[in-house]
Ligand code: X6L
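Take a look at this single chain in structure tokens; it is the form predicted alone.
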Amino acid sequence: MSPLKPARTARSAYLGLGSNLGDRRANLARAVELIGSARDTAIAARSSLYATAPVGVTDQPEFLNAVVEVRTALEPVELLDACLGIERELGRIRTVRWGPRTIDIDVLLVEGIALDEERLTLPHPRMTERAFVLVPLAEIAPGIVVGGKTAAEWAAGIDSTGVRPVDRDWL
């Protein structure tokens, strides 16, 4: 008889979502549906949708962005793999870094975990520089601490003029 494995404890994780190709709203809605149906994972909260200008490669369509909180028993790299699988399922093809995409799902934070590995760094190394992440994150988790400041403090201190709320009830 094999020994029983201890049950994994679910923890909160925050995912950043973006889309700027095809039916952006439908891409994001389907991604949230697939995230919520992933093994050992459930959607706990979701932000409004925000329209945002592209970052990095600016000659591309405007993005729709959101942040979701999930409760998951997956380890961070397992969660990353689930997100990458959803991106593939929704037709994401990686060609140009920061280029156009049907869907982008970034693991931003996992409660109680800091990582600096080849495949995944937590918290996400550029999240505090990105209004399109901070504004929706602060909407659903204003008190979450990243780098010694809350999401609300980070969001209040960043230029968010290019982040426009589009729809609170998009799902």
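Remember, it's a predicted structure, so these values are computed and weren't measured experimentally. Position 1 is the first residue in the sequence shown; the rest follow in order.
There is another form of the same protein, the form predicted in complex with the ligand; it is not shown, and what comes next is about it.
Although the partner is absent here, P54 is a contact residue: one of its heavy atoms lies within 4.5 angstroms of the ligand in the model of the complex. Using a 4.5 angstroms limit between non-hydrogen atoms, R46 is distant from the ligand in the model of the complex. None of 134 to 142, 112 to 120, 29 to 37, 62 to 70 except one has non-hydrogen atoms within 4.5 angstroms of the ligand in the model of the complex; the exception is 62 to 70. Contacts between stretch 15 to 42 and the ligand, counted in the model of the complex as any heavy atom lying within 4.5 Å, involve G18 alone.
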